[in-house]
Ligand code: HEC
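Presented as structure tokens, the chain that follows is alone, the form predicted alone.
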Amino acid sequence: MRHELQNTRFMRWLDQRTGIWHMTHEALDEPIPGGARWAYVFGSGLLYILLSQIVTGVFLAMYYVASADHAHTTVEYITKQVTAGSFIRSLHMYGSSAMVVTLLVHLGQTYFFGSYKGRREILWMSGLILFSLVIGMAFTGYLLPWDQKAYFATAVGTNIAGEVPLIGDWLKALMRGGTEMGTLTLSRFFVAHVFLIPGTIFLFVGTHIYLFRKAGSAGPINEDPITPKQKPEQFYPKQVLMDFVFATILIGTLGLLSYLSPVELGPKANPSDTQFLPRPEWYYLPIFQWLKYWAGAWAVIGIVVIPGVVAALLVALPFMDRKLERRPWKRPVASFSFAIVLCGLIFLGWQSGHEDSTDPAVAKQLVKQTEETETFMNTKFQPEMMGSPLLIAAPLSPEAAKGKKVFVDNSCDGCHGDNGQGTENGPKLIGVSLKFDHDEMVKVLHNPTKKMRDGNMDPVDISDEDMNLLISYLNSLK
């Protein structure tokens, strides 16, 4: 079929100008020592997830505003109002976890199979750089929703950067755009997440693929990494089919998760909330737990020295392990070392959850935070209205004008401000009719919610006629 397509007049014309068939030949006819295997699908799977992240990220960026005032509202709008917005956002967030998992499997497989041997030192290092960039993407993207969890988890992360000797304060200020977290922090994280890190990832993905093609497939663990001896098999069609099946499984799994269990959004970040307990995503939990054991003057050892030594050993691995032996059981030191680190990370992640569940105060607070998130997700979207003098000055209907008098006579403007624009003592009421219908508004005015009562909201005890007039006025605040 490929040859028939290649011989068509249009494809011959295109090939003369672009060399497309030469590139296709290089891509599909690559020899694989020992033949196609399911163990080789993870690299192609990572490329698919990257493509998915790009597509979903572009859709999300169309609605997003990177400012402390509007970021949370725009993400809430995506989640609650935009058609398939919650699904796309969930696909993007689950995709980030899938990329971390697939990359860890790919890295572990390369390590255990000894695929870094045989003139593949730079290929290995480019893979480590890509791993660091993916972790950076996850970190910078985590803040963008600007909810409670994102804000406080990122505050902890930037504080950790401040512990680095000599440059810690400078690094923390660079990340935050100052001493505190705000719009400048969001702007910098957004630029890093959307432009700087993806651009660097594209560069190193291209470099990684080029170096892989240059060195060739290492083959199975009993193969010579420099001079393969086993019978090769072309990448097309068997390995292509395996990669396609794996990508289909990824598509189905991510889509099913996004549909059945959409990612939640918590309440807007409140920096003055001293009770909130930050907990990062699962792939950062081991680091979060690890840092608990290094406080005060010892922090530099846990934050810089030990991770730095581990990173240096990983980079230097192909230069230290020069033997061509690749079977894991014939490399006990390397295999055992990797197993210790992996088991240590799994244990630290488990330990973090275990400590949270066994501490009554912590467990109670975490349950409360979960309930607040669920309550927020169940409330209708309330648009963020800008106080436009032209809209506020618009003529009121006779009922709304009488309702405004009821509003003032009951001192509602004392907390909610003139024309319901809001004050420090009470939230704005502009757009409240989009959040509650008439019956719901009557109910909440007669019986304020706990959150309203905590904000000193008293029940509105007025006649049914005045209540209808008041609601008519509130409905006019758009």
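For the two forms, the rigid core is made up of the largest set of C-alpha atoms that agree within 1.5 Å on superposition. If you're wondering where the values come from, they're calculated on a predicted model, not measured in any experiment. Each residue number is its position in the shown sequence, starting from 1.
Below, we refer to the form predicted together with heme C (HEC), which is not included among the displayed structures.
Note that among 344-352, 93-101, 300-308, 403-411, the stretch whose heavy atoms approach heme C (HEC) to within 4.5 Å in the predicted complex is 403-411. When contacts are judged by a 4.5 Å heavy atom cut-off, residue 435 counts as touching heme C (HEC) in the predicted complex. Within 4.5 Å of any heavy atom of heme C (HEC) in the predicted complex lies no heavy atom of residue 28. Taking non-hydrogen atoms only, residue 469 never approaches heme C (HEC) to within 4.5 angstroms in the predicted complex. Residue 441 belongs to the set of residues with a heavy atom inside 4.5 Å of heme C (HEC) in the predicted complex. Only one of 65, 39, 55, 452 lies close to heme C (HEC) in the predicted complex, with a heavy atom inside 4.5 Å, and it is 452. A single residue from the set 429, 60, 46, 32 has any heavy atom within 4.5 angstroms of heme C (HEC) in the predicted complex; that residue is 429.
Residues 455, 456, 457, 460, 470, 474 are the ones in 455-478 with at least one heavy atom within 4.5 Å of heme C (HEC) in the predicted complex, listed in sequence order.
After superposition on the rigid core, the Cα atom of residue 302 is displaced by less than 2 Å between the shown form and the other one. Relative to the superposed core, residue 453 undergoes a C-alpha shift of no less than 2 Å between the shown form and the other one. The Cα position of residue 141 differs by less than 2 Å between the shown form and the other one after fitting on the rigid core.
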